[in-house]
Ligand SMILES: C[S@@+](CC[C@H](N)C(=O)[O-])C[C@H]1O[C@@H](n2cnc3c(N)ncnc32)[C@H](O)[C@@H]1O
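This document opens with one chain alone, in structure tokens, the form predicted alone.
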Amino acid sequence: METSHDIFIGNSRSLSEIEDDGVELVVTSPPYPMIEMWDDLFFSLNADIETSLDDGDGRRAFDLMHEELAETWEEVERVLVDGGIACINIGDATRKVDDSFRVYQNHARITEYFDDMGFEPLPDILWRKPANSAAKFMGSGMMPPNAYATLEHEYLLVFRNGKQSREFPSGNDVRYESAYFWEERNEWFSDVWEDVRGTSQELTDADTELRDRSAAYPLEVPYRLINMYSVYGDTVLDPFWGTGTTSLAAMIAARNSVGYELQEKFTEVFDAEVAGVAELAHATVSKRIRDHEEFVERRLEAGKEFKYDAENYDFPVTTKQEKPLQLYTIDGVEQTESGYAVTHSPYNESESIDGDAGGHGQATLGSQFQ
């Protein structure tokens, strides 16, 4: 299996390189309106935003920032197939403007806009992203009633393009191969992810602005979403590409990807990550297999039996849908004119999970998968 991963430097308000209905899934984390680290970006797009903040009109600034994002959302509607899924990672903002402290509900505004475009909002997911500060409260500290809760969660908003789910031919092999484990389903489709934490961006680049703008979500977030809402052969779009976390996850998950990013310098960060993606993919799949085998062991020890055996692996599975499940690792990565081409092969259970085979033994998952 081969996948392609294209990166375009430009504004995502025009996804001109993508044809209508050209992608099956969108996974992205846009700039957050009313978060100060994104002010300069929004100011460059619309000078009225800076004027509104200078005038103390936070509500108008909030509206104008979302109007800038809306142009990208309209392009998303154009390129996403009918029944395709858009997953938007977004956090709300707390800000004091002209002596008025309040929360700006980014998740609500984006939900309203997608609903107006004809998308069907599906149940969203919360994941915890702890603040870096040790101070857990804002306002008057221990004195009631003027303290404020600290925002430590982000939203994964999920929308379907249209009223109907995607249709697949009966017995579609790719869809069955793309299945996840029963216990993964129970964890991933919970509406609160308690085991995913925020990630620090350790950029070595001396460019302070580049470091400040590296607000990527942890790799586990797009990796799960890609496995949940796409199949092998699908194309995943990230119109706010940043350091390329979505594309990296798509490589590991054996899907195609397309990313749009304003700052070309971010590709240097991505190139460094791609250098180790084969080892990371092997470690990721190995961990999924190991976790399932531990689940099987616990279930058998509890006296529960399995009705089905996996067709491609030497272990049982809980449901009939899991029988054809096939995981892939990465054999090779080549640079192309517009990004990367990746060659994948089926994960062979005879490969050592502890790492004696193929030089993969030194790979570790990293903090985002712990």
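All values derive from a computational prediction rather than experimental measurement. A residue's number is simply how far along the shown sequence it sits, counting from 1.
The same protein also has a form predicted in complex with the ligand, omitted here; what follows describes it.
- Within 4.5 Å of any heavy atom of the ligand in the predicted bound form lies no heavy atom of Asp234.
- The ligand is not drawn, but in the predicted bound form it has no heavy atom within 4.5 Å of Tyr180.
- In the predicted bound form, Pro30 approaches the ligand with a heavy atom inside 4.5 Å.
- Although the partner is absent here, Gly10 sits close enough that one of its heavy atoms falls within 4.5 Å of the ligand in the predicted bound form.
- For the options Phe270, Tyr260, Tyr104, Phe114, the one in contact with the ligand in the predicted bound form, meaning a heavy atom within 4.5 Å, is Tyr260.
- The partner is absent here, but in the predicted bound form a heavy atom of Ala216, alone among Leu248, Leu157, Val79, Ala216, sits within 4.5 Å of the ligand.
- Note on the interface: of 288-296, 116-124, 262-270, 187-195, the segment with non-hydrogen atoms within 4.5 angstroms of the ligand in the predicted bound form is 262-270.
- Of the residues in 61-85, only Thr72 comes within 4.5 Å of the ligand in the predicted bound form through at least one heavy atom.
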